[in-house]
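Single chain ahead, by itself, as structure tokens, in the form predicted on its own.
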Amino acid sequence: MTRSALPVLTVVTAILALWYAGTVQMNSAWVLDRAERAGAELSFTELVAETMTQARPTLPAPHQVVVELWETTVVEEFTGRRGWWNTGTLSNRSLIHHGWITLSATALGFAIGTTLGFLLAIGIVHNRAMDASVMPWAIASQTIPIIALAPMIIVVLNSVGITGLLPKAVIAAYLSFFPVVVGMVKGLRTPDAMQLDLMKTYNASSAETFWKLRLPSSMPYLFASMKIGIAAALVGTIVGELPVQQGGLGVRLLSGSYFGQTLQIWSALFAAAILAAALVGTVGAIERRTLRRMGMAR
């Protein structure tokens, strides 16, 4: 356990050291300029202390981001006037509230994208016409920048009366279906000719071959692609929240950028990273349990 944790701790320590060094470097210009106008001289210790406590730093220190995360989650919900403890509902100033909005659209979009990718993969593997026509289009669809496509999807769906969660879920599904298609096509084609011939000698139908050979063989590929897909779905949801501005981590990022609130930006970024890690970890836990039940893992 200690040996496995040591490399991780070493990397984390190096990142924190570089981050603190960057904080001093990037925030010192404002501190020195203010001291020069006041006719004061700062020691190195005073300079470092000033760069670590700015309200709107160019680069927040790690401890500032941690404090901001704590205050916009636990403190806001349990001591804030609009928090859950006092009102029974999540505060619209809380990262938990905005994270829940992002999570809801991400989960719906991931479900849509995974289902669509799964069905397309089955069609591609079993139909040569779909293999020759659908797969190139699926690949070409991913060359369009999502930052340009997202506002178009939002505007078109809003024009036909579709608002709220679904437009963001469509963007999340758009990004998540492609990894599932590629992974499942690879997985469903994993059985070699000898295994397929053996199923034919058993007089197995195409459906039986699919359920008893192709699908079990594709499970590791499916879960690997789902891990990529759910992370992509989260990115798609955040991008989709930018033009909508009805809550979510994307809105927190945008509003922080508008008003120069770098601490808000960084706390929202870390909240998104934590949410992504939790989602990927959930898929990984389901993968381990599923493969263990199928006898494909310990």
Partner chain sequence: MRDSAAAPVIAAQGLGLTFQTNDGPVHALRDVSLSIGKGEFVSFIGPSGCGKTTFLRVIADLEQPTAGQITVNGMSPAEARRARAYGYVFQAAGLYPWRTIEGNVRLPLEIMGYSRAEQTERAARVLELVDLAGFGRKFPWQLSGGMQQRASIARALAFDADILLMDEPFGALDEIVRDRLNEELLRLWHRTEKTIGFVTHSIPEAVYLSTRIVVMSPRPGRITDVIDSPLPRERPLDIRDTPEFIEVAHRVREGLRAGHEDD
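Residue numbers count along the first chain shown, from 1. Since the model is a prediction, treat every value here as computed from it, not as a measurement.
Keep in mind that the form predicted together with the partner chain is missing from the display, and what follows is about it.
- By the criterion of a heavy atom within 4.5 Å, K212 is counted among the residues contacting the partner chain in the predicted complex.
- Looking at P216, you'd find a heavy atom of it within 4.5 angstroms of the partner chain in the predicted complex.
- Contact annotation for R128: none of its heavy atoms lies within 4.5 Å of the partner chain in the predicted complex.
- Although the partner is absent from this view, G295 contacts the partner chain in the predicted complex, with a non-hydrogen atom inside 4.5 angstroms.
- In summary, among the residues L108, A204, V182, I228, the only one with a non-hydrogen atom within 4.5 Å of the partner chain in the predicted complex is A204.
- Of the residues given (S133, Q195, N86, Q142), Q195 alone sits with a heavy atom within 4.5 Å of the partner chain in the predicted complex.
- Segments offered: 143-151, 216-224, 167-175, 92-100. Contacting the partner chain in the predicted complex at heavy atom distances within 4.5 Å is 216-224.
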